[in-house]
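A single chain comes next, written as structure tokens; it is the form predicted alone.
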């Protein structure tokens, strides 16, 4: 048997001034040419494990380290990081933070120059690295001219140029839209299959890892619970859910079928296998399911409106092209589209963070040109992707009171609103704690409590699930549902379409600054060709529904694993709308 490229033997690690172990007795071998997926909830130790493979842990961070790690024959405790960097390429989560040069070719040359690679060799390696990630012809472009997926592929090219024995990618697609994520996975798979690059990829992308990885390692609370094939890992639904991890929707659908009494000999974890299994199981004579509830009508005057709205940035980018739409009080609206589609640009017009180049944005029937930013802040709350960027104060109570004090509310009114908001978000017990000392989900609640204290009519969440594990994403979306049930109008921008059927009612599909579709969520999710045109992919349950020909059942086809499973079992369907509106 070929000797392992990477060997971790009884590795434990404790960060300085932290009592608990970040890694606990890890033993793991990675074979040459293997594609290993690394999964686990936030805080499981995935990044720490990745950093241990190139010596950054413990050489840079310090702390207590036990056991040993060998990569390509090099012990990570006996060789400096500069030596290990020639053997281990590392690509991080956010491509923006990794790119520092003024051109694509200079970006690749930068790392090689630091490693003192001869100039002639650098010149020879640049085109090979770009060809490997399919970025030929971009040599002279500034990295900021590239799409999100191209930027991450450039970061991979820069790592590949050092000719590492091991390529490590830590959450490389969490910041990307679906097309960017597909580009990265396709590139990494091609490097692995065709060039024999050994890959360790850490992430939450269940469907992609099930498709591409040779093996998957499950890490929970610093301990390695299981290393096995994607079929073995992702078909064990109870273990994944116990670890707060999301199974692929294919596996989830067939697991729910089994729970409903359908004979399912094997739970598939890849979409092609699931579709093949369904086509064997489908009964053409079975009656179609009853239609889902009719979407609830939302009446009244528009709360937010756009009329022929255009926006051109200073660099000439035409970000919005004639958007016209109405959003009424009490709606829950999902806005989707690839990076650069204009989603954030649109909602920032309602906050007057941007001014229309042409056309009009209106709030409550009044043009934002005639409204103040502070006045709009009272009516519209905005939750950014990273809640930490909106925290400025030393206690939770002070954070919630901050905007109210700036707007000169009387102290008695401030106190009453702070108490009301803390109660609504379940934060009264934490009122005197530092916000940044709270768990990430509770920090998001602090930001939302501060927004609620303004008593806005509308709350906008801009990419709230990016970088979150399944538990964290559901936590934030559950808050959005609570706010909707309070009567707030909720707008969500996200790439994670699989999360939204339990929450959203209406979908705005944007592409290249235009509004391509405005429809109830079932119609939008089954507009597969249109979604593909804007580089979006519907959840796997949609493709399973098509395999069942369930789309013949009225205008609103199946949307979730539960609905697919009930249809196959011939049982009444608990429609997502019924679950959503009952809560």
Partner chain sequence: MEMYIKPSGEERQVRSLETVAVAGAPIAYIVVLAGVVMVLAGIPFSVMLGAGNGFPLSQAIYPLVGWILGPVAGALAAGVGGLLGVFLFPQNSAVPIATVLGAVAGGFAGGILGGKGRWAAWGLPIAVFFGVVYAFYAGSAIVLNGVDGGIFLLASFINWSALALFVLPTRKLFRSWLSSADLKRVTPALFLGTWCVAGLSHLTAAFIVYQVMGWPDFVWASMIPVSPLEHLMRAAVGAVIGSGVLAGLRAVGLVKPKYAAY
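None of these values were measured; they are calculated from a predicted model. Numbering follows the first chain given and starts at 1.
One more form of this protein, predicted together with its partner chain, exists but is not displayed; see below.
Contact with its partner chain in the predicted complex, defined as a heavy atom within 4.5 Å, holds for exactly one of 79, 296, 471, 455, namely 79. Only one listed stretch (518-526, 24-32, 539-547, 37-45) carries heavy atoms within 4.5 Å of its partner chain in the predicted complex, and that stretch is 24-32. At the 4.5 Å threshold, heavy atoms of residue 59 reach its partner chain in the predicted complex. Its partner chain in the predicted complex comes within 4.5 Å of a heavy atom belonging to residue 10. Using a 4.5 Å cutoff between non-hydrogen atoms, residue 532 does not count as a contact of its partner chain in the predicted complex.
For residue 115, no non-hydrogen atom is located within 4.5 Å of its partner chain in the predicted complex, even though that partner is not displayed. Of all the residues from 54-72, those having a non-hydrogen atom no more than 4.5 Å from its partner chain in the predicted complex are 58, 59, 60, 61, 62, 63, 64, 65, 66, 67, 68.
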